Structures are given as structure tokens and as C-alpha cells.
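In the block that follows, a single chain appears as C-alpha cells, in the form predicted alone.
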Amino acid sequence: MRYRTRLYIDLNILAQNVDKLRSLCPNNKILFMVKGDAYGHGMTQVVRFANTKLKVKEFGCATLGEARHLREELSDLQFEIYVFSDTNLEFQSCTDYYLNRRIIPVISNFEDLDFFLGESDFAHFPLCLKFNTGMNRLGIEFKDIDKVINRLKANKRDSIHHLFTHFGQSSDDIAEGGAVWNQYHEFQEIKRKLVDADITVKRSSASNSGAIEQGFGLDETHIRPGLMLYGPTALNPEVRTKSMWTGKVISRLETYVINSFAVEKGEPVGYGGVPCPNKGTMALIAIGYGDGLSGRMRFPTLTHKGKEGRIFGRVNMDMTQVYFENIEHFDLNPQEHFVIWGHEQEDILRFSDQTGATPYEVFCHLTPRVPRIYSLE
């Protein structure tokens, strides 16, 4: 466990982000995605705050284990929790968790659907279906919609609690006739066929963060924001100007300087003896790949005291070199704070773009060795 390398999480910024989202989407309810330990921000703390203070009532996980953890840690709260991929529905021990803890599986294949419909214990349990409309990952195929309808009718099911699909390219420009537009058109056809068969669709959602930012797919009852509520845009760099999102990053990653020293041109530094291209100052900061950075990073720039440095040489497990090129007498003192990213979107976006990772990956790479500190500043 680190003592002075910490991820500070400002829950007041999360509240502001939720307010901004509700202003953008006043007619949609929020199904807040908190998989991956709330994208590295601490699932239990984020859900407790979002539920009790922000009145968010529905949350999404990737795994049954995540959902079970939430139910166990937050047993005093009332909220719905959906499991989107790693359902393990066929195991009796897992089935018991769904039934006894009101954890809702999102069914995306016929094996799970037949099991769900065939178990009398699930007769009055919410049925949630996910259709594949072109992402080609999880979901029942559109061509099989009649088979779904027949199975529902045979089992006297006349409603679907929540109907889902997932956009595969919403981080790009959503244009009429494009992939996402076609996905949404197919989703509407699925809903139409269900309604024509006298099957009620109580809730529906398609839009993830990238689609929400572009105002697309908001005719459904729900939206499913993930990354955007943690701060960054989900859009790719070339289309970020199309985003309507003005949220701030809820976290600030801070470490400190362990040591600093002057370097000469050609002087080797760190594992592999990477030579310095010029004179400058080298700072060693207390964060490494054991904390979530990567040894394969593409040398992102970091700003400290108004001067720009860059990660240099190999990232170590416990520390990282930051090279301030052509700055020979930089006033760097051991123990002083060093911020990796702050609350402005530009910080994390620059860091992620330069490393070749998405903000999702950067957040989720942070290990438990980095303490999470929560505040309402």
C-alpha cells in the first residue's frame, strides 16, 4: 500500500456530472455503469454516494461477483443491479444469488433464456434481454426475434423488464446511414416486433457514453453512461468537437518526487541504460507499473511547476523517471507533490492519447496499492 501516491476522488464533481447529464437527457433515467470497480474509482463508495445523494436507482456490472459485492456491502440501500456479461446463470449457487439478492441477469443467448424461462423460481423475476444489432459481441441475433417471441409466448411471458443493445462505434462520428445509425434502426425493429406480438417492453436502452454525448438514441426510457460520469469524453480525438459533454474528471492522481538530479547528454538512465538526448533534469516519482502505469507507455508528457517533462526510459514497478529536457537547474525537491492528472478533462485525455491507452484503461489499470481518498470538497 502506498502512503503518498493516492487517487483523490471528489464526489462533489460526480454530483455535478450527474446534474449535467440530467440536463442533457431530461427524459431518460440513468443506469450507471460501475463495472471494473467503478472504472477504478471504488465501486462501493461510488454506488453509495450515487444512490443516497444523487438518487440514482439502477447500476450495471460486468460480473455476478461485482453485483454480489455491492449487495453485501450496501445491504442497507435500495437499488437495482444488472449483470451484463459474466452471468454464470447455469450454476445453482449463482442462481441463488440472483433470486435471493435481487441481482438481475441480462440474458444474451438462447441457452440462458431457455434456462431462465424453464425455472419456476424465475417465473415472476424481471426478464432482461440483450440483442446483437451489429456490434457482434453479445446478444441474440435479430434474425432470431421470432424464436424469442415464440419462447416467451410458450412460457406465458407477456413483458420484458428491460430491452438492451450496445453500440459498437459510438466513439466515432454517428452519421445517418452509418454503423451506429443502422444498429439503432434494427433495435427499433426489434421493439416493434415485440410490441406487435403483444409483448410489453417496459424499459429500453441503447446509448452508452459516446452516443449520449452526441445526443443519439435518447428516445429510450434509459441511458447507460459509463466513462462520461467519471469525467472524460468517450469520443475519439478526431471527433471530440462533436461532444456536448462538459463534465470534469472526478479523480486526481497524485504522487511525490523521490529524488532528482541533473543529467548530461548521452548519460544512461534506468534499466537498459537509455541515453539522454540532451542535458536536463531527471525526477524520480513514486509510481510505477505496480501502481497502474505501463512499461509499454509511449512517453507521455507531464507538467510540473509549469514545466513540461516526459516519462523517460523504462517504467519500473515502484518508480518512474520524468525527464525535463534542456532544463538544467530545475528546482525540484524530494518529497514535493507531483500530479499525474487533475480534474480537467485535458489532463487525462492528453495522458491517455499519448500513452496509446483509452481513459477506460488508464483508470482501470490503477491497482489497490494506490489508496482511494474520497472527499466532498
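For every residue, the number given is its place in the sequence shown, counted from 1. Being a predicted model, the structure only gives us computed values, none of them experimental.
What comes next is about the form predicted together with a small molecule, which is not displayed.
Considering non-hydrogen atoms and a 4.5 Å limit, does the small molecule approach S204 in the model of the complex? Taking the distances in the model of the complex, the answer for S204 is no, it never comes within 4.5 Å of the small molecule.
With the partner left out of view, is K265 within 4.5 angstroms of the small molecule in the model of the complex by any non-hydrogen atom? Contact check for K265: no, nothing within 4.5 Å of the small molecule in the model of the complex.
Using a 4.5 angstroms cut-off on non-hydrogen atoms, would P225 count as touching the small molecule in the model of the complex? Yes, P225 lies within 4.5 Å of the small molecule in the model of the complex.
Can any non-hydrogen atom of H343 be found within 4.5 angstroms of the small molecule in the model of the complex? Taking the distances in the model of the complex, the answer for H343 is no, it never comes within 4.5 Å of the small molecule.
Partner-facing stretch of 27 to 35, 324 to 332, 42 to 50, 63 to 71, counted where any non-hydrogen atom is within 4.5 angstroms of the small molecule in the model of the complex: Among the listed stretches, the partner-contacting one is 27 to 35.
If you check in the model of the complex, do R137, N208 and Y360 all have a non-hydrogen atom within 4.5 Å of the small molecule? Heavy-atom distance to the small molecule in the model of the complex: all three under 4.5 Å.
Work out which of F84, F187, F116, W245 lies within 4.5 Å of the small molecule in the model of the complex, going by heavy atoms. After the contact test, the surviving option is F84.
Counting any non-hydrogen atom inside 4.5 Å, which residue from H304, R252, K191, K130 sits next to the small molecule in the model of the complex? Contact residue from the list: K130.
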